[in-house]
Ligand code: CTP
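For reference, the chain that follows is the form predicted alone, supplied as structure tokens.
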């Protein structure tokens, strides 16, 4: 860890970006975070959105040790970006990214974990999450209420209809105290049921809060999502510039 991190705040904010995935569903020649989107890679857009919020002491990015693309990104040398070793699963990467800032981050600091493949995050959502959760005992996540009719299915047959008024779609960032999040992930090592940070805290008996986010904060998982993300970016630019 370098000495470039700010020590000016009593409670600081850190961002963590797990970016060691391979994105098999994209059927591309490289991981989805390195696909081109509006003249930059997906990951560059994501990191620039986090930097634009202007709240983070550092952004710890978990990159595969065999990644040949990271070093070519202009953002890789940004003074607020720290590289950590990526892990096999998401939780492993997040834990590694937390460990990379352990000499600077305090247990009471807030960590916002954001998907590498969500390049349309608006800084206003980051500020809303922080403003809402800053005094919360646990923390929480950005999410969206489900408007679809949802079915529980076994062997391709519907067993029952799920009450959608109780269902929310988890987004990122997910915001928790450094010490609590690190402990929860350490206790969940090897558990494949931990698909996001909130689920790790849930296993510790904690109840993260829901903060409604923007519907254009999409995650790129399939080829058609790139065009949708570019459309949303154009719309966001019009919104910002008026």
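Computed from a prediction, not measured in an experiment: that's the story for all the values here. Positions refer to the first chain, counted from 1.
Note that the form predicted in complex with cytidine-5'-triphosphate (CTP) isn't included here; everything after this is about it.
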property	result
cytidine-5'-triphosphate (CTP) in the model of the complex: contacted by all of 18, 21 and 116, heavy atom 4.5 Å	yes
In the model of the complex, residue 80 touching cytidine-5'-triphosphate (CTP) (heavy atom, 4.5 Å)	no
Any non-hydrogen atom of residue 32 within 4.5 angstroms of cytidine-5'-triphosphate (CTP) in the model of the complex	yes
Partner proximity in the model of the complex: residue 125 to cytidine-5'-triphosphate (CTP), non-hydrogen atom cutoff 4.5 Å	no
cytidine-5'-triphosphate (CTP) contact in the model of the complex: residue 109, any heavy atom under 4.5 Å	no
Candidate stretches 67-75, 99-107, 142-150, 86-94 - the one whose heavy atoms come within 4.5 Å of cytidine-5'-triphosphate (CTP) in the model of the complex	86-94
Residues within 4.5 Å of cytidine-5'-triphosphate (CTP) in the model of the complex, restricted to 214-242 and counted by heavy atom	219
